[in-house]
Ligand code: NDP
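Below you will find one chain, with nothing else, as structure tokens; this is the form predicted alone, and questions on how it binds or moves follow later.
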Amino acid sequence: MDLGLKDKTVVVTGGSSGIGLATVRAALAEGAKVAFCARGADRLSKVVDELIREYGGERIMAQAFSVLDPAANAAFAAQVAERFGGCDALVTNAGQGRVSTYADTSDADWREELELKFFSQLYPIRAFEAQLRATASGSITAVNSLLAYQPEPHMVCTSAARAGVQSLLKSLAVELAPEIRVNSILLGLVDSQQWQRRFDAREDQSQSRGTWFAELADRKAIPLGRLGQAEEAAKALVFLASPAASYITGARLEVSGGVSRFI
């Protein structure tokens, strides 16, 4: 199916690894021009070199900065407009989960988590809003978590923040319509650097990666029996961001292997 992204400009935050990088690749494969950002300049530079070897440099632009810096977001948006003429689709993908219970989450931790989850959405959206309104197919697609609807006691802070972000996105889908569509994906467990770090810190160092992840999927009762892959989440993001999803807004697409319990 042609998603209609050829020669469109897609902007991805947190694009140097994991789901963000998989989304960059998926958009490039659809013929889009892609601008992406991440905090780590060294990692970003290596990724850009790899992508240029695969796709050429004409459709690729990258900048290292924190999405929690509003001025940096605005500068990035101006650079995208100058290089590619504007932004057609924004994919907001930044921030990891905080493992903590109510009892061991400090006030400072709460503030840091809420600021990260909300402003990693708000600052890029504000920076690109005018460009998205100016195109005939403006869209915002956010990476969110199943925790927004199905909180975990060991991730109470992140769960609360994710729920708030989902409410924000639903409100924006109404307020920004009809010029800009706003959707999200809800992630379950996806094989990522975060889970790789947990695997590396496992108690039984003789346990293989395949066995450890299979047991994790079993403990979490994932019906499909495995963790998701970054590429699977990226395909959902690129579809929702594309003109092929032109009558979809205010929606959430679960990418979780069926692990959710809510209806």
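Bear in mind that the values here come from a model prediction, so they are computed numbers and not experimental data. Position 1 is the first residue in the sequence shown; the rest follow in order.
Below: the form predicted in complex with the ligand, not depicted.
Shown alone, this chain has one stretch from 167-175, 82-90, 128-136, 184-192 that lies within 4.5 Å of the ligand in the model of the complex by heavy atoms: 184-192. The partner is absent here, but in the model of the complex a heavy atom of G40, alone among P70, G225, G56, G40, sits within 4.5 Å of the ligand. The ligand in the model of the complex comes within 4.5 Å of a heavy atom belonging to V143.
Within 4.5 Å of any heavy atom of the ligand in the model of the complex lies no heavy atom of S45. With a 4.5 Å cutoff on heavy atoms, S66 counts as touching the ligand in the model of the complex. R197 belongs to the set of residues with a heavy atom inside 4.5 Å of the ligand in the model of the complex.
Highlighted residues G4, A27 and K33: none comes within 4.5 Å of the ligand in the model of the complex, counting any heavy atom. Shown here without the ligand, the chain has N93, A94, G95, Q96, G97 in 73-107 lying with a heavy atom within 4.5 Å of that partner in the model of the complex.
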